[in-house]
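Here we start with a single chain on its own, the form predicted on its own, put down as structure tokens.
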Amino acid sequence: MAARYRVIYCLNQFFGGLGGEDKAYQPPQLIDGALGPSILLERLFPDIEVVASVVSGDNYLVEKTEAATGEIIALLAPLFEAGDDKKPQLLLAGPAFNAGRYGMACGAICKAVQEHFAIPTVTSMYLENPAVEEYRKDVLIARAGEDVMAMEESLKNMAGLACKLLQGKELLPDRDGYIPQGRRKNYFADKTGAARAVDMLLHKLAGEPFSTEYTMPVFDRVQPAPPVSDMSSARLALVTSGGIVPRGNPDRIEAASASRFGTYSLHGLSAFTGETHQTAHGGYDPTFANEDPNRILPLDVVRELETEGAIGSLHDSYYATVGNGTSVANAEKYGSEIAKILLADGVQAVILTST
């Protein structure tokens, strides 16, 4: 039987079978053999042998990145003290899909391990995972589907890319299914740039397919809503991505890569105070926001406008999440869900604050 590639596999607490959010702060632990998705990976790729699995809570890794990756390095060190025929050859992490915290954890582990042990690493994420922008230049990121429904396809893509990497084959983003790292390679083309540009133009005019040599970024454009004609009769709502939540953060909204938004009552409140509310946001100094949460979400001023008759009424609840590292896809989902609630209540205008 031919020698198999010896692989370390990294998972978060959920895919590692430890639990859900209740285990999100679980420190790293090393487990012999395959676990969770890597069991399927071995079935799909008989050339791969998962010699050990690292399982850790994604919150633990995101909030204590340097310490957590150091713990993982220490756990893995004995594996690299074996003979050359026993040492791990590769580390795989994920797929993280569109889960921001899991993506950040996978990226941090891959970067730390490849730098410390000088072995290749590969992770797998959805293109809009916030960790992609953070780690794509340092870590090879295979393209994954948006959620766990794409597990098998994402595993195949990640492992196929890893095998080519170990075999020393030349890799190309479009062909080999990974997210471009922004690297350019010089080569001699058969035609000059001018001739290639004219060829592309002719294909475009003829309605024929062609491939650009420089893909431009795509920016979403939203048509602004028309102005409210009479604010004195309008119903207004408050929404924030600045993380203003009741004291204790009852919904456990994450400090980065938020996986949810919260809905909180404004009944009986004329203003926020530092005793009743706080910020859950991890992307700015919370001192002034915790001292006076109205600095982020101006309930005090809006109540004054309501009393003066400058606005008709205020929606009974406000909605909050954390924008720090939150993916575009998740932000769009939260916005859509909140908008449905507001439209059903007859809200005509929203004050949307950030940081």
Partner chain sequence: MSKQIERAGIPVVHACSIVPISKTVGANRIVPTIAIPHPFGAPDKGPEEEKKVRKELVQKALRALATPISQQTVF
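Positions refer to the first chain, counted from 1. In this text, all values refer to a predicted model and were calculated from it rather than measured experimentally. C-alpha atoms forming the largest set that superposes within 1.5 Å between two forms make up the rigid core.
Not pictured, yet referred to below: the form predicted in complex with its partner chain.
J.: Would Y284 count as touching its partner chain in the model of the complex under a 4.5 Å heavy atom rule?
T.: Yes, Y284 is a contact residue.
J.: Heavy atom to heavy atom, is N59 within 4.5 Å of its partner chain in the model of the complex?
T.: Yes, N59 is a contact residue.
J.: Is V302 close to its partner chain in the model of the complex, meaning a heavy atom pair under 4.5 Å apart or at it?
T.: Answer yes; at least one heavy atom of V302 falls within 4.5 Å of its partner chain in the model of the complex.
J.: Applying a 4.5 Å heavy atom distance criterion, does F14 contact its partner chain in the model of the complex?
T.: Judged by the heavy-atom cut-off of 4.5 Å, F14 is well away from its partner chain in the model of the complex.
J.: Just one of L205, V222, A118, A194 has a heavy atom within 4.5 Å of its partner chain in the model of the complex. Which one?
T.: After the contact test, the surviving option is V222.
J.: Heavy atoms within 4.5 Å of its partner chain in the model of the complex: which stretch in 47-55, 33-41, 66-74, 293-301 meets that?
T.: Comparing against its partner chain in the model of the complex, the contact stretch is 293-301.
J.: Checking a candidate spot here: are F288, E332 and L342 all in contact with its partner chain in the model of the complex (at least one heavy atom each within 4.5 Å)?
T.: Yes, all three are in contact.
J.: Taking only heavy atoms into account, state which residues of 323-352 are within 4.5 Å of its partner chain in the model of the complex, ordered by sequence.
T.: Sequence-ordered list: A331, E332, Y334, G335, S336, I338, A339, L342, L343, V347, Q348, A349, V350, I351, L352.
J.: So, does G100 move by 2 Å or more at the CA between the shown form and the other one, with the core held fixed?
T.: For G100, whose C-alpha is compared between the shown form and the other one after core superposition, the shift is less than 2 Å.
J.: Superposing on the rigid core, I want to see if R175 changes position between the shown form and the other one - specifically a Cα shift of 2 Å or more.
T.: Where the cores coincide, R175 shows only a C-alpha shift between the shown form and the other one that is less than 2 Å.
J.: Please check if L18 moves between the shown form and the other one, taking a CA shift of 2 Å or more relative to the superposed core as movement.
T.: No, the C-alpha position differs by under 2 Å between the shown form and the other one.
J.: Knowing the Cα distance between A329 and M125 changes 3 Å or more in the model of the complex, does it shrink or grow relative to here?
T.: Relative to the displayed form, A329 and M125 move farther apart in the model of the complex - a change of at least 3 Å between their C-alphas.
J.: Assuming the CA distance changes by 3 angstroms or more, are N157 and A329 closer together or farther apart in the model of the complex compared with the shown structure?
T.: The answer is farther, because the C-alphas of N157 and A329 separate from each other in the model of the complex by 3 Å or more.
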